[in-house]
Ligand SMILES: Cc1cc2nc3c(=O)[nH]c(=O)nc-3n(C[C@H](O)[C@H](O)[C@H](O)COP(=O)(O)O)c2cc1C
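In the block that follows, a single chain appears as structure tokens, in the form predicted alone.
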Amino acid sequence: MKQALYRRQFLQFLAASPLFAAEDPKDMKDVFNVMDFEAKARVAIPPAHFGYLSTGVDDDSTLRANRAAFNKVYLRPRRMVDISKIDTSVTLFGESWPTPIIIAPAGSQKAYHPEGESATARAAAAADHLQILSTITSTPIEEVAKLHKRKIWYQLYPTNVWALTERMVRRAEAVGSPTLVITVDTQGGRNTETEARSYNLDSRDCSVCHPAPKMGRKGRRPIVMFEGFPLDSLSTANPAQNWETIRKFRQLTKMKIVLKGLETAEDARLAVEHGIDGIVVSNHGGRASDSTLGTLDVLPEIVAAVNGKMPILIDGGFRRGTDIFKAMAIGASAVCIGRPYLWALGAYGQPGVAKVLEILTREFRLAMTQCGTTSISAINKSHIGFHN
């Protein structure tokens, strides 16, 4: 009875919400790059939700550092190379993908569009991009997995309740997910001031949309992967996690284990020593710690520390195909895209996500041709330089 009431209230809320003011998918003639989606998303997405999407931590300096890092690197074009055939494909854990562009895990996507993760999955499947699903998905993993023609990866917050953590791993295994991406950069909590300020700009009754007030300010949408567990003492952060926790995961599952949120050579070497299968160089899109370097800035030391022993993925501020090329030249195996596809999802739904993937793929391919690199393996440090 209570769920039915919430559903009716939620539908009434949506009817008057900016979420139903999304742009006509046919009208993207003025979208030339992925940044163009941000202004459209700001109009389409409710203020508090857009603030959550936009926030960094503290002064947002790490958020800005992610973008600033790309301006320190320049391309070194090569000429007189036969570029009539370009192969943008990559291989991760023995599985080939047509591009190194990955859909990064991002929670609560129904906060941006009513179809949420389902729309994202359909767009990713249509263009054959790897998708990593968030613990905080607003659509059950079973539904998302059915929509993607390939096996999705699952991003895990190791909660402070091991029974719940184990159950989420089992659900990922049950849908055939081959890789568990464990986020390790938020166990100490975070101070999201930009998000907090955005709440003051939103006059809506959030309890209608988010009937779970114990989960945070003005309530939060119930987390579908936590269904059945009491919320009072539950946290997505586990302050006690350490390298011994990784041993427990090794005993728990046969999935590949990737650590998301490493930013130093020291931790990268420890990951190698502990038999981790892969790394995502990440500062949570500037949402973990403030006053840190951009992820592209720290990528060289991590590549050196790993020394080819495992794949290295990276996220944080990627907006152009040239950004992707720079990361690949430094030594990344693939690149995870976050905010651009969420802006597009909020503004246009599935067609918007598809457009972002199309733009970035086209731009990346163009960067490869300009530098005379006809395959991913041909991209190396000789194709970039660093400003003094």
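One rule holds for the numbers: they count along the sequence shown, beginning at 1. Computed from a predicted model, the values in this text were never measured in an experiment.
In what follows, reference is made to the form predicted in complex with the named molecule, a form of this protein that is not presented.
Partner-facing stretch of 247-255, 88-96, 106-114, 226-234, counted where any non-hydrogen atom is within 4.5 angstroms of the named molecule in the predicted complex: Partner-contacting stretch among the options: 106-114.
Contact of G352 with the named molecule in the predicted complex (heavy atom, 4.5 Å): Result no; G352 lies far from the named molecule in the predicted complex.
The named molecule contact in the predicted complex: P340, any heavy atom under 4.5 Å: Yes, P340 sits close enough to the named molecule in the predicted complex that at least one of its heavy atoms falls within 4.5 Å.
Touches the named molecule in the predicted complex: G285 (any heavy atom, 4.5 Å): Yes, G285 is a contact residue.
Partner contact for I136 in the predicted complex: the named molecule, 4.5 angstroms, heavy atom: Yes, I136 is a contact residue.
Interface residue in the predicted complex among S177, T159, T183, S289, criterion: non-hydrogen atom within 4.5 angstroms of the named molecule: Here the answer is residue option T183.
In the predicted complex, the one of A327, L53, A44, L345 near the named molecule [non-hydrogen atom within 4.5 angstroms]: Contact with the named molecule in the predicted complex is made by L53 alone.
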